[in-house]
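One chain comes next, on its own, written out as C-alpha cells in the form predicted alone.
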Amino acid sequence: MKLKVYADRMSQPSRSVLIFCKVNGIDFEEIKVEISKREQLSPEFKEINPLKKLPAIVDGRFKLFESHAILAYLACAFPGVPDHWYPADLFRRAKIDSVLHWHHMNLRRGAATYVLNSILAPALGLPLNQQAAAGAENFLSTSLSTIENVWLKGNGRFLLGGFQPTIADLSLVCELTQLELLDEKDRNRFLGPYKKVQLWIESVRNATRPHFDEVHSVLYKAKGILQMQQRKRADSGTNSGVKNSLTSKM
C-alpha cells in the first residue's frame, strides 16, 4: 500500500516530512488536514494520531506520528534514500539525534511560539500574546546563537560540519523558514547577526530544490495575506475577519 502522509503545509514539521519524501522519490499520498479548520481534532484523525498533532503517517498497517520519528523511519525504511540523511554509522546518527532532541525545547520553542503570538494567532482564532512573544524571542535568539556557534562548527555548510544535509538540517531549516511570515525588519533583527545560519538555510534550500520552494509556497502566500490583514487591523484596531480571510485564500 502507498505511504499516506497526513499534513498541513502551514505546519513546519509537516513541511519537513513532505520535502523529504519528494526529494527522495518516496511514493506517497498527501492527505491534507487543515489546522485552521480544526480538522486534526476530528475522530477520524484521532484514529491516526491520538495526540491530534501533525504530521502523521500510515505505512500499511503501521501508524507513526512526531516528525523527527517519521523522518528517521522514512530514511531507514525506504530503499534508495542516501545515507547522508540519517547515516547507518551509529556515532554520526547519535549526533544527528542530539540536534533533533535539542530542537524541540529550544529552537521550536522560540520560533513557533514567537511567530504564533506575534502575527499568526488571529488566523487561528486566537488572540495575540505579546508577553508570550517576548519570552519566545529570548529562546529564539539563544537558539540561533547555539546553531551558529555550536551546531555549525566545522568545515561543511551543514549541521555538525557536514557536507550534505541530514534530517536535522531539514527539520531545523523548516522551523526557521516560518520567520518569513514576519516583516523584513523583524526577520533581519533575528537572522542578521548570524551569517553562518543564513548560509546554512540557503544551502539546505538549494540542496532540496525545487521541492523546498514548492512545499513552502503556501507559507509565502500566507505571508502576503497576513501582511494585508495586519494593515487592516492597524487601521480598524480589530482582529475580525483575519481567520476567515486566511483560511479562504490559502
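Worth saying up front: this structure is predicted, and the values here are computed from it rather than measured. Note that residue numbering follows the sequence shown and begins at 1.
Just so it is clear, the following notes concern the form predicted together with another copy of the chain, a form of the same protein that is not shown.
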My question is simply whether L100 lines the interface with another copy of the chain in the model of the complex - judged by any non-hydrogen atom within 4.5 Å. yes
Is there a heavy atom of R109 no more than 4.5 Å from a heavy atom of another copy of the chain in the model of the complex? yes
Within a 4.5 Å heavy atom cut-off, is H104 in contact with another copy of the chain in the model of the complex? yes
Within 4.5 Å, heavy atoms only: does V150 come near another copy of the chain in the model of the complex? yes
Looking at another copy of the chain in the model of the complex, is some heavy atom of each of L51, C76 and Q131 within 4.5 Å of it? yes
Interface segment, criterion being heavy atoms within 4.5 Å of another copy of the chain in the model of the complex, picked from 208 to 216, 27 to 35, 182 to 190, 59 to 67: 59 to 67
